[in-house]
Structure formats: structure tokens, C-alpha cells
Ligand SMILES: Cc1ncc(COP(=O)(O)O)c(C=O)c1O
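First, one chain by itself in C-alpha cells, the form predicted on its own.
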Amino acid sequence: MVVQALRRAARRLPAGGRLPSVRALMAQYRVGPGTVRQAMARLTDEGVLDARPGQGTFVTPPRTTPADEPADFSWQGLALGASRVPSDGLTALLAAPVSGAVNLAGGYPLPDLQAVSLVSRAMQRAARRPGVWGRMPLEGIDGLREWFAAQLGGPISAHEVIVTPGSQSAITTAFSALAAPGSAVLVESPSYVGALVAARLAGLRLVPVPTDRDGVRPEMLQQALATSGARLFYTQPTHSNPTGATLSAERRRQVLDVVAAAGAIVIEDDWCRDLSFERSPVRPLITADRHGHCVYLRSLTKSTAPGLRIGAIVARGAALARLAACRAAAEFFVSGPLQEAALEVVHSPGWAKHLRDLRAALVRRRDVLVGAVRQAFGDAAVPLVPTGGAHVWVRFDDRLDDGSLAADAAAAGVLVSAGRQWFPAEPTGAYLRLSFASAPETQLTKGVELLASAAAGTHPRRRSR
């Protein structure tokens, strides 16, 4: 209280003005000498006051910068060199939505779809457990590793699991550990923008592999492996983000055969295993991999809450050792309370009910969004209705500039993600990724109406530069 009072008093005095004596301030604020001296010392440390022994305490002149001499940060460009990471894309998806706008660009389900109550109760209990705030095992706590392994079944064991702080960290770790800077990495086109950013950050050269409504094309994958020299392929074979495509069982066998024949590794990002709407989701690639050609990534964040950043990497052989070493160098270990809370959530009686409710709500919202898009833009605008995940990939006239449309839509009050951000090279058409999980069900139709209004005013031949 005295600190704030002295701060206000200093503002009322001119630069160089002298404050009253300690005795006078004691009487004014009715406090002891120690309290006054501590307040003065703090403000002196902050540069507000200037204490001169034997003379008194004075108001420090404010530091001023001439208006015509702004700070010069241009030297940093020379020191840092060219940037490997674009300034948009992933950061745009993580930005807080504009107040009042309909958010169809988000990457996480709204709070009403999250397991907030389960996570909160689990975190309260986990935080009180003995030893939970200490150093955790590098690979993660045993119970959580066992749960991730059991989810896959088959030949996977707990010692082949490494717990990570979410799937984005797992992706970054995989690229850094499994490929040398400058080497090529194959990615689906289009693909998850976070993976594209992580690969560029690792200094890798992106090589796009064409996809269709059934996912990556195995013959194109074989050709890309042969011509690029790449030995790493990143894929989302189940409910791909952004397209929603899922590889059939036949294509899964073909992909594994192609990768094995090339002596390569496939990074399988199973980002929304918990968000599948199918009664019997297709089994992950890794369950059919015997010889360590598959590195598997999984996350709990999308199905619980954004703050519960818990994911996992599953691998075998030298790849597992390199991934563990990379994780140790980056972050040592994952927070104990987060791991304990995640383990309690997935074993709680309410977990299965939460997943059922979440999937049912997402199906309803998907149907509302798809119906609104088709009514506004025609059936061809949604070439694939996703059977899981949280997004719809919308196709527009190729003459339209999706970047300009996204900007016009934001000005109209609806946030969308431009398709060009999801391509590792030039986009093959005009697309938008729309989320049915990041806006209330009652606002989905309104958002599409605002988007249609913006599309009507976007010049079809205008192009972003």
C-alpha cells in the first residue's frame, strides 16, 4: 500500500523533485520507519526514485526516446539469418478468436465438449500425491505407458512408449530425432500445418505426396521414395487433418509394403483416435508392423482439454533410442501432476461416457455444418463427409483466392482457415478448412451464411502475393 502511495506521489512531482523525509512519510501513512524505507528501496530499484545519501530522495527523470528515433531492431535480421518457420499458419490457428466472431477455424473443441470436470478433479488429487512434484522418469510413468500400449494391443509393450507433452511435441521430436537437417521428408498433400512447420523448423526438405478422398496414393508414395531419397514419411492415415480422409485396410497394407521395401520409416500421427465416429475404427498401421518401420504418435489433448498436454510416441529399435535421447535433450521429462491426472482420467468411470457424449455432439455439429455448406455452395463443395475428427474440407472454384476469401470472411465476422496453409507446396485448388468443434452448434449455420456473403463479394480472379 505504501509503495503504491509513494508511486502516485512521485508522479505528481516534477522530475528531480524531492520527497518528504522518512519521518514525515511515517506520520502521513501511519507506518513504521522500516515500512517506508522498504517502499523507497523498491521504487529505487525500479528506477522511479533516486536516493542520495545525506541529501534526500528525489524523483528520477523519465527515460525518453526522441519520437524521430524509434528503436532499431534491423540488426537482428543479419544475426538470425533467414527464418525457417513462416509467421502464419500454426500461429494463426492458436490465436485467440476475435470477440463476437463465429470461430470455424479453431483446432480444439469448445469447453462444453471438453472433459474439464474430469480433468479438474483428477488434477486436484494428483497434485497431492507424494513425490508427484519430483523428477519423473524420462519415458513417463509406468501406468500411463501401459495404458497407451494397451490401447494399441498386439505386439506393443509399455517399454516401447515414451510419454510426451502433447502430439505437437511428439511430431517435433520425431522430425528432429529421425532425420538429419537438409534431408527430405515425405508428407501428404495437403497435410497438418503443424507438421509442416515442425519439419521446416528441423531443417527438413518437404516433398509432397498426392492424396485423394481415400488418403495417400501408394503408387505416388513409392515413386516419391524412389526419386527423393527420403527415408521418412509423415502421414495421418485416420481422419486426416484437414481433409478427413481415412486409408482403407488395403491401402494400409500397400503403404507399409512400400515403406518397408524402401527401408524407410513412416510416422503415423493418430491425432484423433478418440474422435472417431465409427463403431470399429481401422486399426493403426503400427499394429501390422513387425520390423520397426512405423513410429506411432497419439494424443489425449483433443479428447480431454487443451491444457492437459499429454501424448505418446511408440517406436522400436534404434529409432526408440534416438527419440528418447531427443526428448531428454529437449525437456527432460513431462510434468508429474499432468501424467498422474491423465492416467486417472482415462481410468475414471466417467471417461467412457464422456467419449460417447463427445462423439455424439461432434456428429450433430458435423451434420449441421455439412448441411449448411452444401446448401450455400452446392453438394460438390464437400467432397468427403468425415467419419471422425473436427473439420470439414471445403472445395471452391479454383479461380477463387482462398487467402483473400479467409480475410474477407474474417471482416464479415466468421473465422476460417485458408486451404493454402495446409499444402507443403503450391495448393492444388481453392479450399477452406472449417471446424465444427470450435463454435456452438447454434452458430454453425450463421457462420456459413456469413462465409457465403463474403464469398459473393470476393473477386474470383484476385490472387494473394
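Residue positions are given as counts along the sequence shown, with the first one as 1. Just so it is clear, the model here is predicted, and its values are computed rather than measured.
This next part talks about the form predicted in complex with the named molecule, which is not shown.
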query: 4.5 Å heavy atom contact, residue 173 to the named molecule in the predicted bound form; finding: no
query: Exercise: residue 302 in contact with the named molecule in the predicted bound form, heavy atom 4.5 Å; finding: yes
query: Heavy atom of residue 108 within 4.5 Å of the named molecule in the predicted bound form; finding: yes
query: Contact flag, residue 166 vs the named molecule in the predicted bound form, heavy atom cut 4.5 Å; finding: yes
query: Option touching the named molecule, based on a heavy atom within 4.5 Å in the predicted bound form, out of 296, 148, 192, 393; finding: 192
query: In the predicted bound form, the residue from 217, 309, 231, 205 that sits within 4.5 Å of the named molecule by heavy atoms; finding: 309
query: Segment assignment from 354-362, 276-284, 376-384, 232-240: heavy atom within 4.5 Å of the named molecule in the predicted bound form; finding: 232-240
query: Residues of 426-442 having any heavy atom within 4.5 Å of the named molecule in the predicted bound form, listed in sequence order; finding: none
